[in-house]
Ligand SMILES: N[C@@H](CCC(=O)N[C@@H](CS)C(=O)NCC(=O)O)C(=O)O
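Consider the single chain below, provided in structure tokens and representing the form predicted on its own.
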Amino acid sequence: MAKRFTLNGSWVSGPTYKVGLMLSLCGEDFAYNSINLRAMEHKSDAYLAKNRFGQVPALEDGKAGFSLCQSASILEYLAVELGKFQGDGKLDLIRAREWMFWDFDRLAPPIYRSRAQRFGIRNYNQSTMEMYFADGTAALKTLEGALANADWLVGRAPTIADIDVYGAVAYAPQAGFGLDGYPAIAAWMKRIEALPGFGPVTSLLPQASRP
């Protein structure tokens, strides 16, 4: 029987992992279509029909008959559609959106780009890397402060805000950001990793397609 959701993405992509993690935490068994970025598969006509921006991820909803792009938008769609990780009401969902916008602006870029530099995918100069390190450190300090007296980013239970932000922080060590000095973040990550359905990137995003 065909699965409702098909995730198109790459195992090296943090945004792809965010969506895979959300699906797994929601108990949704999903098909996975590995997109070869080096071969420019994400710029093919077939893929652009799923994601007009030519980026990963793209999520196909077979039941609804359409595909979605941009990981934060996909997370919000899944939360509303599946009725999970929304928080306790409309305000919680709006607060979660605030954190996701903040992540996209302040946290994810320095982590993802520094990681890309270390993996040889990008080639930034020294001053740019120093800027990313400073920006990433400042963002991690903001996150640490928010979690110092709270178990979750919004409300009394995990929401898409936690899933989205975790999908950036999980890559921080690979990007050169040590997390030893952030005890609140470390405790929060353990809480997420203890949730039913949690999986690390190595298990959720294989390097080959999975029907």
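So that there is no doubt, residue numbering starts at 1 and follows the sequence shown. Note that this is a predicted model, so its numbers are computed, not measured.
What comes next is about the form predicted in complex with the named molecule, which is not displayed.
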{"query": "Contact flag, L153 vs the named molecule in the predicted complex, heavy atom cut 4.5 Å", "finding": "no"}
{"query": "Non-hydrogen atom contact S71 with the named molecule in the predicted complex at 4.5 angstroms", "finding": "yes"}
{"query": "Contact label in the predicted complex: Y124 to the named molecule, heavy atom within 4.5 Å", "finding": "no"}
{"query": "Touches the named molecule in the predicted complex: K43 (any heavy atom, 4.5 Å)", "finding": "yes"}
{"query": "The named molecule in the predicted complex: contacting segment from 23-31, 140-148, 154-162, 56-64, heavy atom within 4.5 Å", "finding": "56-64"}
